[in-house]
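Just the one chain here, laid out as structure tokens, in the form predicted on its own.
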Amino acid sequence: MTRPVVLSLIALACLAGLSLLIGASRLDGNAWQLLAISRAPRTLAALLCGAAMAVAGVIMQQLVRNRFVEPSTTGTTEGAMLGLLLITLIAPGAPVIVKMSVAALAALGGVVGFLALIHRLSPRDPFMVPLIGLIWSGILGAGATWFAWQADLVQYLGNWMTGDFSGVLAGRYELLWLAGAIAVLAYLSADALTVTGLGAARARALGLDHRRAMQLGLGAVALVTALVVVTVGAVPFVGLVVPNLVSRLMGDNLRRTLPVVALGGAGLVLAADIVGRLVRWPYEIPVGTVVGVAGAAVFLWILNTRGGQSHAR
């Protein structure tokens, strides 16, 4: 186990302990019940959500060959919201697994549409890719808002657009374990992801089925995004800033950096959730808002610091 992984695990253990201790209710005679039903599930959900979204960001960046994209800037998150709206209108009483499946398919449609839009872009202009992704995400988000307005579901859409762990209880977050499993599978496929990031021609020359790798990678990103949106709502910037920061510190060897990326994403989301619970105690600020503010600041720093341009591909 490398030193960065050990340090990340120690920091994560401290954050998890703090997360179990804070909240609107004090730990008194019903402490174990409170921990088992609310605090522990909330802490695990934040860890799983952060790790899965950070790894999904790495997969997306490798598939597109651009460091400035993530699921929330490629239409994936907005596609999942459209899918959730669709299934809510057609079958409002459908089981969660059905809603998640429809959201995953819609998220896959969103990211495929993004790939079609950037297909003819020059790789020498890396900033056009995230720009088109933001425009595509804005179009899908506007469509979702229009449908929600027509169906009087704006409040539901607001819940899906802003990640919030206040409603996470035992029995209502377990789907996120599947997102964690996908993060583990991504680590096992780290070498294939690295080769995929070299481009279609080089990947085929090295014996990799590039088309199949793209399909599996896109499917994993869509499924992780749908799981997170269905369970807690969208959490932006995790898949963007964490992989970029880790890449600057440790390089581009995914076999070495993916565990740190996953632990870093888990730590970022859990720390943001703790901050959201403390700033206006006993009230809460949604984690999506805290991560959005912090992530935007870090992203601007990445863009403006020395090496930001050369860091893009």
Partner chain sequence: MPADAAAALRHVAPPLPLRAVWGIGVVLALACVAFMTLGLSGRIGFILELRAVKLAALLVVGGGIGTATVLFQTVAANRILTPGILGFDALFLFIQTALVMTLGGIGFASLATGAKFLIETGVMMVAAAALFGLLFRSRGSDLSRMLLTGVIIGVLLRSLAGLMQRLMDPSEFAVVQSAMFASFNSVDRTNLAIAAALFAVIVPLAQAMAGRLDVMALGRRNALGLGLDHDRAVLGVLALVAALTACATALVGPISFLGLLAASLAHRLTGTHRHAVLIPAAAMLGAAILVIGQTVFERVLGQQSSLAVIIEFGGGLLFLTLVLKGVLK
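Source: prediction; values computed, not measured. Numbering follows the first chain given and starts at 1.
There is another form of this protein, the form predicted in complex with its partner chain, and it is not shown here; the text below is about that form.
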Revision key, fill the gap. Heavy atom within 4.5 Å of its partner chain in the predicted bound form, from candidates 175, 200, 135, 94, belongs to 135
Study note, to complete from the structure: The listed residue (21, 14, 24, 300) that reaches within 4.5 Å of its partner chain in the predicted bound form by any heavy atom is 300
Point to revise | Answer range among 183-191, 99-107, 222-230, 142-150 for contact with its partner chain, defined in the predicted bound form as heavy atoms within 4.5 Å | key: 142-150
Check your understanding: Can you check whether residue 293 is within 4.5 Å of its partner chain in the predicted bound form, heavy atom basis?
Key -> yes
Check your understanding: Does its partner chain come within 4.5 Å of any heavy atom of residue 130 in the predicted bound form?
Key -> yes
Point to revise | residue 35, heavy atom within 4.5 angstroms of its partner chain in the predicted bound form | key: no
Exercise for review: Answer yes if any heavy atom of residue 112 is within 4.5 Å of a heavy atom of its partner chain in the predicted bound form; otherwise answer no.
Suggested key: no
Practice item. Residue by residue through 218-252, tell me which have a non-hydrogen atom within 4.5 angstroms of its partner chain in the predicted bound form. Key: 237
